[in-house]
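The chain that follows stands alone, in the form predicted alone, written as structure tokens.
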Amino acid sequence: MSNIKWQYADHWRTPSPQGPINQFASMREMDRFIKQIASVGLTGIGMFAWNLGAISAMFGSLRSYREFLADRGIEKIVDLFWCAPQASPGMELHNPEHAGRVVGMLEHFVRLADGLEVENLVVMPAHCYTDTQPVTAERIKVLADVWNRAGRMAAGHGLKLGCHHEFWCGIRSQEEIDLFYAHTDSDFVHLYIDTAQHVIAGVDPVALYEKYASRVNGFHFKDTRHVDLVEDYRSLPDPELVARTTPRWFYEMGTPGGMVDFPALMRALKRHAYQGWIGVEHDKADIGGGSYPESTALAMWYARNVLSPIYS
């Protein structure tokens, strides 16, 4: 399965005497985090772009952090992720007058990562649905223009821009996604598939991959037990936390009752000879007594024993 490498996407919390803490709490916690994900076969890491500053503060420089990762079996930072869930004065993704500000801010993060061989800049391409509406064809075209500019900027630094469609994003349905990609430049704007997010939004991630295989630059593999049938995606401020029907949306691959057909997706990846990274993500895994380390271990057991034999 040499065409596929597995990376871990930033979300992490563990119990402590001070309450739940993440890997940025101390050097000790970062060391424990990296060793735990490396021990189950993950060799890359995805990061929130806004955490680059915390990493520099902890390690003195991002290059020092890369050496820290390499010493523990992690090849590199693969993705930088950015989103702006809410619109705010002066920062509306769907306002063409704000496009330069959006691209400039993202270029700041991309420049910080120069020289680290980061591969992808992953973005949520709209605010939450409520702050994006009315989601019209004209507004989707404006958003496409913003991301065409950002994609060219990222390419100039050696990164691929990938759009990641949360189930509560302003571009979430199959029709909206199709219109968005029809208006974006296939050389500079790619699709980053999050399996659970698409299922919750009523979009089949396998069919989506089959349709856009040549434009896909990465994945977040996680599962869900729910489809949003009652417009929970309109909940504010964060539908992943406050939706009235579903306290926990996300689970690890292989969870009982999971709705993502990972074997079918893996067969599709093999048909299209996908080469690259797959991200293992556990967003809010600790809701209801869950555990990030446990979910990660279970997911990687599934990846190695169920998915790897499919794409071998």
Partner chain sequence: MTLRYSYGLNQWNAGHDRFVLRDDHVRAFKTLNACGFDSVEIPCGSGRWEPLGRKDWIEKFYGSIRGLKDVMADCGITAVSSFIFNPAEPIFEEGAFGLSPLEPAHHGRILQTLRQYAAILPELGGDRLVVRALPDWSANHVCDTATMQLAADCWNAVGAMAMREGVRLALNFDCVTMARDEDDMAALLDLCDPAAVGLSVDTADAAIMGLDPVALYRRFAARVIHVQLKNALHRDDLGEYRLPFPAKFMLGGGGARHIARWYCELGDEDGLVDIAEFRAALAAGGYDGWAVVESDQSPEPATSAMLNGWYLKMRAAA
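Numbering follows the first chain given and starts at 1. Keep in mind that what you see is a predicted model, and the values were worked out from it rather than measured.
Not pictured, yet referred to below: the form predicted in complex with the partner chain.
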Of 38, 47, 55, 268, which one comes within 4.5 Å of the partner chain in the predicted bound form, counting heavy atoms only?
38
Is there a heavy atom of residue 305 lying 4.5 Å or less from a heavy atom of the partner chain in the predicted bound form?
yes
Check residue 301 for me: does it contact the partner chain in the predicted bound form (non-hydrogen atoms, 4.5 angstroms)?
yes
With a cut-off of 4.5 Å between heavy atoms, is residue 297 one of the residues that contacts the partner chain in the predicted bound form?
yes
Quick one: is residue 291 in contact with the partner chain in the predicted bound form, heavy atoms, 4.5 Å cut-off?
yes
Only one of 241-249, 29-37, 271-279, 58-66 has residues with a heavy atom within 4.5 Å of the partner chain in the predicted bound form, and that stretch is 29-37
Contacts from 55-91 to the partner chain in the predicted bound form (any heavy atom within 4.5 Å), listed N to C, are 71, 72, 73
